[in-house]
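Encoded as structure tokens, the following chain is the form predicted alone, with no partner shown.
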């Protein structure tokens, strides 16, 4: 495939990702509705349309494998929305498996447009469900006095919806309306929207000819809990005639009807200023932007920020020399700074995406893996609208995958085990996100068997990680789970027990300048808490100096700064600490942590920068504090990914680059009493 065809493929991938994301979210809603018996026809129609759109999109780009699987999925969904297949667990599982296969195909095209996968098993499963359709649908129209001409113009789907409304005991009403030619489209849409608020619009049909050539007549067939007279009162429109085709078995009380609200809405919409003229404008105000373009724009903003800093420095020097131009230049620099802050904020807003995009994908994985493990597990998602930088969301995918896999394989018990423990047979994993200032807290909690600290101790002793006489707190023992190669499982499964996973999770979270905490109670479950920065792009940083070198500390992690006076520190179990407001603060000397050797005066004043996440705090001992500055963080690259305690580098202008400290890594080092 030539270079010129790469752009169309990128457009296909962007459109397909949106459609697959919609299917993933709506399949989850459909699954919940299947359990409660509350499934919206609009939801089913929306799912059907998305599958149809993927089929058409793939066919247009020549991706026959995606088009074929989408076609079979579309057939399955069509049978479902026509009521010819029951919405049971077998069908739900088939939908999720088909979605996983589609996602795999689309992801393959992102690597190589010619790449494909075997879809025969997915197609066979769909065809198996389609062929299992048996019996003849009950004819609910028998015995009802419904005009055969009316039934004769309905589509198969509309006839099914009509029967479903009869099955639920709803009334079938024919709402007859006449609208002026110049506004019939707006007026009809308004009437339809009003009817949908208290019923289902089954079909919209042309009305009988009338004596007014400047008007069009329409009949709207709807199912509702209200009688014809009650609906007439709600709509409060004397120009509309309502015919009761089938009476309701249970009529909704008018006392519960939002009469004033619905009547006012109908009146306001029908008394619009006039017809809406046809337009060529797009119905959507959104555009897709490649993240690489946003990165480039952010780099430009960073360069402008550095240039603004130079202008401010020159202005100060000129003012210090008594040159009046320096004051004017300083005012200009301040105006430039305000606009740059607004531009920076706007660029960052564009990069933010809701974590639901990632959480909804995990729902599909939980279903499949739980089924393979023979476990019944529900995934609860909270705070899905919490926003994170798009790049952080992408890099968070693998760590969350590892954590969810461990929770399902190690944490959640089998049905018999849960019953024996007095628990519900259905296990629960809760995935939540919440903003915390300039950070986001992501929590993964399960109600499984939990972790036994003493079991960890025995496993660590057996592996030679700790000595039998070692004194360790419960949190220290939990920390062993993040050691490379540590596992309490003796058998290897498809999902875990291979001695990898949690150490990878910790490294990935640290690479995002985040922290990970684990708490657990045997028999009750385990909670993993991740604390992540909202963004790793442009941040405010405190520039500090230690042993002849400058470093930057993300300002969002700085709690306060102190002058370190002699006699303020003491040593507890070999660790230097500082008593700060009735709490003990572990100290970490930067020069010792990075093994920097430089001559310094013993009498020189030193400083403590208190940094932390949540309730975890340490003090970084440094030689000097400089000013706060906006910095653009650049990753160190794979060749330097092994460097601990550093999250990246920042360009400070004047051809000077300094390292940005990884506060999460620093805290772990200080609390463990080790070195980098």
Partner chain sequence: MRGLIVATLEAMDDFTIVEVENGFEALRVLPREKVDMVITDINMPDINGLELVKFIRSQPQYKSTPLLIISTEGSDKDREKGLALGADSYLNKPFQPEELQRLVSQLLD
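Positions refer to the first chain, counted from 1. Since we're looking at a predicted model, the values are computed, not measured.
The next section is about a form of this same protein that is not shown, the form predicted together with its partner chain.
> Specify the contacting stretch among 509-517, 560-568, 114-122, 158-166, defined as having any heavy atom within 4.5 Å of its partner chain in the predicted complex.
Looking at the other structure, the answer is 158-166.
> Flag residue 74 as yes or no: does it have a non-hydrogen atom within 4.5 angstroms of any non-hydrogen atom of its partner chain in the predicted complex?
Looking in the predicted complex, residue contacts with its partner chain include residue 74, since a heavy atom lies within 4.5 Å.
> Flag residue 52 as yes or no: does it have a non-hydrogen atom within 4.5 angstroms of any non-hydrogen atom of its partner chain in the predicted complex?
So residue 52 counts as contacting its partner chain.
> Although the partner isn't part of this model, could you tell me whether residue 239 comes within 4.5 Å of its partner chain in the predicted complex, counting any heavy atom of the residue?
The answer is no: residue 239 has no heavy atom within 4.5 Å of its partner chain.
> Given that its partner chain is not shown alongside this chain, does residue 583 nevertheless sit within 4.5 Å of it in the predicted complex, heavy atom to heavy atom?
Judged by the heavy-atom cut-off of 4.5 Å, residue 583 is well away from its partner chain in the predicted complex.
> Only one of 152, 128, 468, 422 comes within 4.5 Å of its partner chain in the predicted complex by heavy atoms, so just point that one out.
Flagged contact: 152.
> Which residue among 292, 574, 206, 416 has a heavy atom within 4.5 angstroms of its partner chain in the predicted complex?
Among 292, 574, 206, 416, a heavy atom within 4.5 Å of its partner chain in the predicted complex occurs only for 206.
> Do any residues of 212-239 have a non-hydrogen atom within 4.5 angstroms of its partner chain in the predicted complex? If so, which ones, in sequence order?
Residues within 4.5 Å: 216, 218.
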